[in-house]
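The chain that follows stands alone, in the form predicted alone, written as structure tokens.
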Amino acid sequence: MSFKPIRKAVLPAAGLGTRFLPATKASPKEMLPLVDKPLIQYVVEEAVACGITDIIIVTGRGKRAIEDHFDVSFELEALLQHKGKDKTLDAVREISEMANFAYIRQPEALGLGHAVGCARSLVGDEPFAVLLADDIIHNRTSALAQMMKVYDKFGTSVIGLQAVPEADVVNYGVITPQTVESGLHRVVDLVEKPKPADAPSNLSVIGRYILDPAIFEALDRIQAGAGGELQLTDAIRLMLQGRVVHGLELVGDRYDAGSKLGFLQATVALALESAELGDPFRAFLKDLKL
């Protein structure tokens, strides 16, 4: 059986980036450079590599740099061409040619669920992906590609999961699993930021989703939840009443690049794998007096 292809991805990018202040006072956290690319470009490339053609970025005040990054820069391209920097010119041009980019504003930071709901008119009546730019999941087969295989088999919504230490479940949405096979679960229930004693498992939802368009109706029905925000997990829980949702334990090294420590860890890991920087950076680290 074939299901509707996933052609669109929603990237929520309206947050204030308070964990990185003062660096993000005037610059979007999504534009923080991770080695040689901004954070948000990594997830755009992940989506495009999975066949997604339409990237919908939910922005807010002060996020113009994101739009400029994925736009054509005539002056810069002309300068690079004049100087004969063809390799750099190709890299710059590829950014604006990767996909069809559309932008919509989230007028207030009212939660991830609200951000996804803002994209409703652009998504329409078709399944779509949601990727969070500050969740860097590094693996030969990307997180979204792993989830696409589940969607292609079952045609259901799929949420990315990671097993976390019991003490950390308070920071995540956590599922009640019904195991289908190793690493793949049917989501029986879902709770946002439970206390460790109340958590149904340690399988926590992380920043990758494939969602049925029925999520929008569910978002219309939920009330503000944890943190006074409209939680996407609450809408997914409501959707469980009539639809199957699978959860996939993602394979790969995950870095919370929305935190300072996670950002540094991701920088080191990706720099070490860089064809240009890997060897000299490794030598530098070995010489450090730790």
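When you see a residue number, it is the position in the sequence shown, counting from 1. Here the structure is a predicted model, which means the values were calculated and not measured.
One more form of this protein exists, namely the form predicted in complex with ligand UTP; it is left out here, but the text below deals with it.
> Answer with one of A23, L16, V268, L277: the residue that has a non-hydrogen atom within 4.5 Å of ligand UTP in the predicted complex.
So the residue touching ligand UTP in the predicted complex, by this definition, is L16.
> Pick from L211, L132, L203, A143: which residue has any heavy atom within 4.5 angstroms of ligand UTP in the predicted complex?
If I apply the 4.5 Å criterion carefully, the residue I get is L132.
> Taking the partner as it appears in the predicted complex, which of 69-77, 104-112, 86-94, 119-127 has residues with heavy atoms within 4.5 Å of ligand UTP?
Of the stretches listed, the one contacting the partner is 104-112.
> In the predicted complex, is there a heavy atom of ligand UTP that lies within 4.5 Å of any heavy atom of K29, even though the partner is absent here?
Yes, contact at 4.5 Å.
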